[in-house]
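Each of the two blocks below gives one form of the same protein chain as structure tokens; they are labelled structure 1 and structure 2.
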Structure 1
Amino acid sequence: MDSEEIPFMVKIEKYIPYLLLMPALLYMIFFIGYPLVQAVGLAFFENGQFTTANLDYLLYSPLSKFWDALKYTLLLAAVIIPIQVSVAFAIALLMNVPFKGHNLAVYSVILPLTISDVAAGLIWYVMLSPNGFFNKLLVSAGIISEPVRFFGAANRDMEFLAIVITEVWRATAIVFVILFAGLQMISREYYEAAEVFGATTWQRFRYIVFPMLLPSLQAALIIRTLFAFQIFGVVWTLAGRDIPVLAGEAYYEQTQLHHPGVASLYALIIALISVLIGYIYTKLFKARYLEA
């Protein structure tokens, strides 16, 4: 009986990797693959026939704000992501040094992560309104004589600034958590060896910290860029359609104009841009020491 069980177990063992991959594979099929196929179907097919009507509407209709949405989405990503990465990097390096109240400081930095994007938008809308805390503080200090107006279609640049401030405050913690975790994983032995050989602070950063933090930086940039192209709640709360963004236009086309095909096209464009940028990040920030 034993001689029959052993070959059977050996035969099963070669399928174990596939069985272990099965949950992830099923997840991708049902929650990514199926919606993706449905989106392509809604965007390019009508009554079983291929059509470019939704694409024509998106690109050429006077009702479409696609080009403005693409411009503002890219602008927001180009402004917000470098600020967040720089700020998060600086805070992570600071928090990597033990000091009194270290844990409290880390929790304080992470706290905005617990607030939803809509709630963050409402908080900053109240703070930056003409009668809000920010204007009252500046008027009381004598820095300005009249409140700064951040909102309204006539103040689009200030609305853009309000969105940047809110996003930096709310989502920098995401980048910080990833970079801080990466710093914590660098062994102290590297620093000690560098000190023995007389390396300066800059040399330790250049030859130890930065190269070993590249995988974490790559992950942080990919995740943050994906979120940047999905930005919606904060923009919708602070500026509505004064500053159109891709995700916001997808929502508007679906819920207000009842154009599911156009909304699906927006979703596909967001996905395509995210994949392209993710691919670029993986090429630019590949950790060389992992290639060996």
Structure 2
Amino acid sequence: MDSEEIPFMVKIEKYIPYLLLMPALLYMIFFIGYPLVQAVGLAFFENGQFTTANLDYLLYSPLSKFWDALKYTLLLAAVIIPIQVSVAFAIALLMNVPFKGHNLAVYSVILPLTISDVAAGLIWYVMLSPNGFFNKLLVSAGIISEPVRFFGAANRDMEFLAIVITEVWRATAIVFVILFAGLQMISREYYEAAEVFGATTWQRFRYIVFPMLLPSLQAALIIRTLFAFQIFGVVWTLAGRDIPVLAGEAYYEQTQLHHPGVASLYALIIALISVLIGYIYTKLFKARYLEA
């Protein structure tokens, strides 16, 4: 090796990690920063002049479904997330016990993770449509004489229910994977120690499983809440605009009504809500960590 080369290499060595990081950092800053700036421009400016026309349309126009969209997005999140987290928690505990066919069961449970939300919506359309599996089953069993109608603007409550069923089915798998991974990381030694001291099942759950799983539970909660505000595919396939949601309205304003300003406003609102939720959760959970 050349003796002059070494100091140069040492010098450069210091910058290598930054050079390696640069492409990813620049790409992400550009692809998130630029659209956000552009969104503000589209939403609040017209020909270089500040305008509230888009905001007025969003808030007050009879064509706009903003308030309904906000209401239904919040309502869906409030109904779906608690069911998802508790169901996923129960399944994760179930799958943490070794049994015959265990792997097959785990693979089955994660299946919905690999399909798009549009596919999930269509799958449950197959299950719930007037000639779908459930109606046929119930009619054949003589439990009902006429099929239950889940779809169509006249059955909005049933559409809401169909969305809840589909989302619980689809995204429970996500929560399951987080909690399952968390459970698998708890060392066997803790259980063995508990056994030595004669802990009951409940005590083991209360003093080992639950506290050690708390970080995973919190992660699951954050991820699910954030994604709840992006709900789109399932709602759009099952209910269209009968059940308006924020992302759905953004899509509709952009592609059907050609209102990029209003659609950008929706984008900004979703981004703002997400940042707010992230902030609240970090504050909330940090406080609890400090207590413990």
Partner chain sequence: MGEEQIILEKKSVVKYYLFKILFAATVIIVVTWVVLPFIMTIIYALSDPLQYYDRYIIIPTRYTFEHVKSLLDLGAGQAIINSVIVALLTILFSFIIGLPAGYAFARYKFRGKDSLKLFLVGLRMFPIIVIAVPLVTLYLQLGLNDTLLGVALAHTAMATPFVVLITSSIFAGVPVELEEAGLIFGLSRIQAFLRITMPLALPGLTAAAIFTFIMSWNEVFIAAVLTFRNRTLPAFVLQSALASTDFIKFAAAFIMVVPALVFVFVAGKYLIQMWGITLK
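Only the largest set of C-alpha atoms that superpose within 1.5 Å between the two forms is called the rigid core. What you see is a predicted model; the values in this text were computed from it and never measured. When a residue number appears, read it as a position in the sequence of structure 1, where counting begins at 1.
*Asks:* Structure 1 or 2, which would you say is the form predicted on its own?
*Replies:* Structure 1.
*Asks:* So with the core overlaid, does the Cα of residue 27 end up 2 Å or more away between the two structures?
*Replies:* Yes: residue 27 shifts by at least 2 Å between the two structures.
*Asks:* Can you give the CA shift of residue 280 between the two structures, in Å, with the two forms fit on their core?
*Replies:* Comparing between the two structures after core fitting, residue 280 shifts 2.8 Å at its C-alpha.
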